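Before any questions on binding or motion, here is one chain by itself as structure tokens, the form predicted on its own.
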Amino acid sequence: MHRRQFLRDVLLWSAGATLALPRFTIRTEALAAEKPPPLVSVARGADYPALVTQVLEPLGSMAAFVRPGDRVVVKPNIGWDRSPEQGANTHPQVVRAVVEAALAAGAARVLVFDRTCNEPRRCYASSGIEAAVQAIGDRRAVIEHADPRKFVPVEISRGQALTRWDIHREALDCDCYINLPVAKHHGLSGLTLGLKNAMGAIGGNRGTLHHDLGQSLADLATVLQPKLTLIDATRILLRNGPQGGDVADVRRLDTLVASADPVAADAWATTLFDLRPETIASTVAAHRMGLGEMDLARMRVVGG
């Protein structure tokens, strides 16, 4: 009920029908009751379209997340003017396969976007993601640059470091939000995984969040809630992230990690870097807020 009211508020604010900021409120006990089970699926292989199908099967396939007629947002990392071999962005073949899976499940529209760090046109082209989505040849698959007019100011009622921020409207009001980050080193946060990928769905001066980045990302996760987190670890950037550039810093793993629990997905993916979940501040903060599981022993891992 709270989310339905929140989405109505988002639409009213976007239409200029109200000056009141959208505010997403949810009781802590309700959040705990609705938390998805900590099932993490891991798949490995060099055929990336087949790999996407394989990693989703234990979770019930894409049909468990996308229903016929749904408006879907697929949010990859397209932040950098880098090629797929450099490991700074989500691999274009993975993005295409996820979009095609959503279309096959009956999505009425699949939007792909990111608020990039480098110049948007170069990022979309160099990453290969723009061409990959366009090559699908289905008008329901749409890739566009992050339009500043689509960012909506939202009050974050449970926020500790953040109590208000501008968030992309379609990431909020879509029927299914799919988080599709790349796994890589990050000079400030240690790693950038699913929770960190939210930075590409928000407006404003993102640099100011770095003061308390882990808690800020957890605060955003109370509002920006993916139904599915699928982490691209086909190539992981081990050093000099998030931008990278030297292919010597990249390790090819041909691995995907998927879960309905965004914290569990991040926690398990941390082990690919020989790290523990408790070393990543955003994972710890999100777990502490009841947004998901970080204890590896409490997860059911399939294929790992």
Partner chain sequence: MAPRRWLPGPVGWRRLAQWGFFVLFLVLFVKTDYSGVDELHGAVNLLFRIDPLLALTAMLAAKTVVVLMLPALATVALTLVFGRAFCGWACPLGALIDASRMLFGRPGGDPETRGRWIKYALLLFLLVGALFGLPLAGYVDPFSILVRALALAVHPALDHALTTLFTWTYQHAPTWVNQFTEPVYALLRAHVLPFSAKVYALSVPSLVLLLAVLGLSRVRSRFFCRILCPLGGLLALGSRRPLVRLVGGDDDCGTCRLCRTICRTGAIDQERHIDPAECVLCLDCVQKCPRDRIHFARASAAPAAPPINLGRRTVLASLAAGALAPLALPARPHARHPEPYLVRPPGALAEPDFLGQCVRCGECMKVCIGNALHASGLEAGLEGLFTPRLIGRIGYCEYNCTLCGQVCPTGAIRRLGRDEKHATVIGRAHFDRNRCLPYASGIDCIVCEEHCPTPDKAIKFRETEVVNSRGERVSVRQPYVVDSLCIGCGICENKCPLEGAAAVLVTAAGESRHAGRRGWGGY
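Positions refer to the first chain, counted from 1. Values in this document were obtained by computation on a predicted structure and should not be read as measured data.
The same protein has a further form, the form predicted together with the partner chain, not shown here; the description that follows concerns it.
Just one of G244, P277, P58, P38 has a heavy atom within 4.5 Å of the partner chain in the model of the complex. Which one? Only one option qualifies, and that one is G244.
Let me know the one among H186, R71, K227, R158 whose heavy atoms come within 4.5 Å of the partner chain in the model of the complex, would you? That would be H186.
Tell me the stretch among 96-104, 207-215, 158-166, 133-141 that has any heavy atom within 4.5 angstroms of the partner chain in the model of the complex. Every other range fails; the passing one is 207-215.
Closest heavy atom of H91 to the partner chain in the model of the complex, within 4.5 Å or not? Contact with the partner chain, no.
Can you tell me whether P120 touches the partner chain? I mean in the model of the complex, with a 4.5 angstroms heavy atom cut-off. It does: once the partner chain is placed as it appears in the model of the complex, P120 has a heavy atom within 4.5 Å of it.
Can you tell me whether K196 touches the partner chain? I mean in the model of the complex, with a 4.5 angstroms heavy atom cut-off. K196 belongs to the contact set for the partner chain.
In the model of the complex, is there a heavy atom of the partner chain that lies within 4.5 Å of any heavy atom of W80, even though the partner is absent here? W80: yes, in contact with the partner chain in the model of the complex.
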